[in-house]
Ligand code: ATP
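Below you'll find only one chain, the form predicted on its own, shown as structure tokens.
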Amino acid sequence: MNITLSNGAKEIMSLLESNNRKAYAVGGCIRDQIMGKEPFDFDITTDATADEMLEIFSSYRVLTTGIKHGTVAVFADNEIFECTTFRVDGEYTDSRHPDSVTFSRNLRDDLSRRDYTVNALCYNEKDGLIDLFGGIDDIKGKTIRCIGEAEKRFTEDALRILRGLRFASSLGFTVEAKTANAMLCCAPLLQNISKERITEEFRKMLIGKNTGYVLEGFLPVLKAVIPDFEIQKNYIDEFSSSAEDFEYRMSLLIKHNPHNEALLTALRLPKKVCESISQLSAMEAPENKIELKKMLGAFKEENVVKYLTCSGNTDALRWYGEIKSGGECYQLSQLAVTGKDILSLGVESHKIGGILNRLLDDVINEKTENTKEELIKAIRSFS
């Protein structure tokens, strides 16, 4: 298997090794390459202690916010690399973070504490690819499997449950039976996890290629953190085949079950995101160009375009292109007359808003041309 390190990762690992320390790229950067995917970033595990790393990287810009847990972030080749000392985690009393960590010189100690076999792979150019827990076989079998006893892993850190479901969804994997059972048993522990972390994992899970599998098989896990969450089985196939866009998929959840609107509050999503999701959930496919213009007038244009794109409505997208290129009117600001024009005709000011909306409706329905002359004629005919 061909594993490639970025220039920055090579530089950091080479410097550690030249100082008689071991260093390996570890986790997702190795998993992704085995799957033929471009790695997002490179994490490095090393037997160097934090103090040793600070000395070794004294000429580099570093961040030490994670130094309590043995992590030093090093800037190299316009990237940032988290370098973490081999460690053994102590007891977990908050279902999230170890109360203490013990640093180690043994690579197995460090890999043993990780969550899933597919995330415990590591590599350097000297030793090659190291797989102590069958991660390569699980990648080939498209399987999410805990390292060691699954229930213990989730009791230590309940967020691992959602991470596992996110990996299953985004990678297109299934969860091994014992791991799946432990997820369901330990789901109540997720109530100890911050809403921000739950939202982050839920967002990533929802836009995966295998989301339908997660929704169908692990609904009790999701309900443990979002009590009102529901999805009917007959909608799961439609949901899974939809565009992998978070706002659009959230809108489908709400459209199919209005109770799911509570998700917007439960997940503490930003106001703008909530507004977009609510608008998307209220949209229906337009049957002609006139209906599309009414949609464009009723909703934010960017949301209408997202709805048409994500729903794969090629006819409506073609109509939208014709509307834009032809400068066709679908909102008040595009009318050829303004409130001042109407006022100059002697119309009482309190009637102007209603007249403008009536004009827009007539223009959209092709009853009146959007020219100043024709609109003024229409206004005079209203009285």
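This is a predicted model, so every value here is computed, not measured. Residue indices: 1-based, along the sequence shown.
What comes next is about the form predicted together with this ligand, which is not displayed.
Enquirer: What I'd like checked is whether E287, E328 and E369 together line this ligand in the model of the complex, meaning each has a non-hydrogen atom within 4.5 Å of it.
Expert: Negative, none of the three is within 4.5 Å.
Enquirer: Among 237 to 245, 185 to 193, 268 to 276, 155 to 163, which stretch sits within 4.5 Å of this ligand in the model of the complex, heavy atoms only?
Expert: Stretch 155 to 163 is the one.
Enquirer: Here the chain is shown alone; which of D315, E322, D341, D32 has a heavy atom within 4.5 Å of this ligand in the model of the complex?
Expert: Checking each option against this ligand in the model of the complex, the one that comes within 4.5 Å is D32.
Enquirer: Between the options N119, S281, N260, T143, which residue brings a heavy atom to within 4.5 Å of this ligand in the model of the complex?
Expert: Partner contact (heavy atom, 4.5 Å) among the options: N119.
Enquirer: Hey, in the model of the complex, does R114 get a heavy atom within 4.5 angstroms of this ligand?
Expert: Residue-level check for R114: yes, a contact with this ligand.
Enquirer: Does R105 make contact with this ligand in the model of the complex, using a 4.5 Å heavy atom cut-off?
Expert: Judged by the heavy-atom cut-off of 4.5 Å, R105 is well away from this ligand in the model of the complex.
Enquirer: Do K204 and this ligand share at least one heavy atom pair within 4.5 Å in the model of the complex?
Expert: Close contact exists here: in the model of the complex, K204 approaches this ligand to within 4.5 Å, heavy atoms only.
Enquirer: Does this ligand come within 4.5 Å of any heavy atom of D43 in the model of the complex?
Expert: Although this ligand is absent here, D43 would touch it in the model of the complex, with heavy atoms inside 4.5 Å.
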